[in-house]
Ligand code: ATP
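Only one chain is included here, represented as structure tokens and corresponding to the form predicted on its own.
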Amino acid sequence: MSSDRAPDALVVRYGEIALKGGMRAEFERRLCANLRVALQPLPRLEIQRTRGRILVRAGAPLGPAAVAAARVFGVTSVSEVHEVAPEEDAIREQARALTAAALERSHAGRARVSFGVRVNRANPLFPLRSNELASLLGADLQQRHPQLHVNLDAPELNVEVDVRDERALLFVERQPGPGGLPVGTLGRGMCLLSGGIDSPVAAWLAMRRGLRVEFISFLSPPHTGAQTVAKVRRLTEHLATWQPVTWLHMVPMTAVQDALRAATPEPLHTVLDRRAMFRMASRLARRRHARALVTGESLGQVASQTLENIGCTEQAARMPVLRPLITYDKVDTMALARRIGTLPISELPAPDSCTVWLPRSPVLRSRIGEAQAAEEKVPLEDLERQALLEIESLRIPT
């Protein structure tokens, strides 16, 4: 059997979905639908649920498909697999071919390579038990490749066999996925996207827990210009690769901020800005059938994120506010931003509405009554409604 034979399919594995009991089938269907969107350019695409796994077949090379599938939330790992008849001789021949190809590709010239053989026997009629087949294959491979030595704890080369009813699946690599839950299984959220480091990471974490996330960004022209718009859009485009459908809503904030600065105490400006943003985001969220706001707030990170200020701003939302980063420090957030690829974009220089007019001495422990009394001096209802009428909404391609 040729060692350069192309893989026949992808095996997509999931973790937490398997624990969902009566909801498991619905979560699996959503995961398959999201995979179909992620893999939609492939010709003759087939996605099949089978005993705790998902099999993907297509009429095209599967390498790029494996990369795309590994970005779908709910997926724990993806493997390119070779299918053979569930017979000992066929399995042995394919294991030899895969091992030879893997040694040549990744371990050429090595005098010693640790390896393991793992067998999952899902077909109870197969005549050999899992450990018996693993031992036979391991001995055969060692005889053919003397540089191989057994290490089942942390092998450099892992030959895996999944014996099913109609076929046996063999593979040597697992590409890790993001895990979590399929986007859309837990509804929809509206993320306040500032262009900084924190909010994109918060959005990614919310998606990972099954929320389909739309984005709302507040702009303050002429103080925030084309550079800010481009940055926000780039962040949204990057995050859009993790979910099937993405919308970005950009709201002009200048009139609201000018009115607040003209009539309210300076120390309250940041809190009052955020209250206005929460009110407008909540109105848009309800219109878009989103049931929660998502923010990148972290307790105590800046003046607006003391417990009192968080409570004061949340009161204006009148819907749940999710804060995935509430206990993260900046180092943790930056590490995750770097891993998911948003950090280089977030670090691009561009002003945002939250930092255009920072008070010299911002209030640290605001009170709801104090904020409401200040807001009564400004026709915020009319200004906020007008801002939402001028919103620009963009559907971002995946």
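These numbers come from a predicted model, not from an experiment. Note that residue numbering begins at 1 and tracks the sequence as displayed.
Just so it is clear, the following notes concern the form predicted together with adenosine-5'-triphosphate (ATP), a form of the same protein that is not shown.
For the options G138, G177, G196, G210, the one in contact with adenosine-5'-triphosphate (ATP) in the model of the complex, meaning a heavy atom within 4.5 Å, is G196. Interface residue among T99, T236, S217, N309, judged by heavy atoms within 4.5 Å of adenosine-5'-triphosphate (ATP) in the model of the complex: S217.
G189 falls outside the set of residues with a heavy atom inside 4.5 Å of adenosine-5'-triphosphate (ATP) in the model of the complex. Not displayed here, adenosine-5'-triphosphate (ATP) is approached by S304 to within 4.5 Å at the level of heavy atoms in the model of the complex. adenosine-5'-triphosphate (ATP) is not drawn, but in the model of the complex it has no heavy atom within 4.5 Å of E28. For P324, no non-hydrogen atom is located within 4.5 Å of adenosine-5'-triphosphate (ATP) in the model of the complex, even though that partner is not displayed. The stretch among 294-302, 110-118, 85-93, 148-156 whose residues place heavy atoms within 4.5 Å of adenosine-5'-triphosphate (ATP) in the model of the complex is 294-302. Taking the partner from elsewhere, every residue among M277, K330 and D352 has a non-hydrogen atom within 4.5 angstroms of adenosine-5'-triphosphate (ATP) in the model of the complex.
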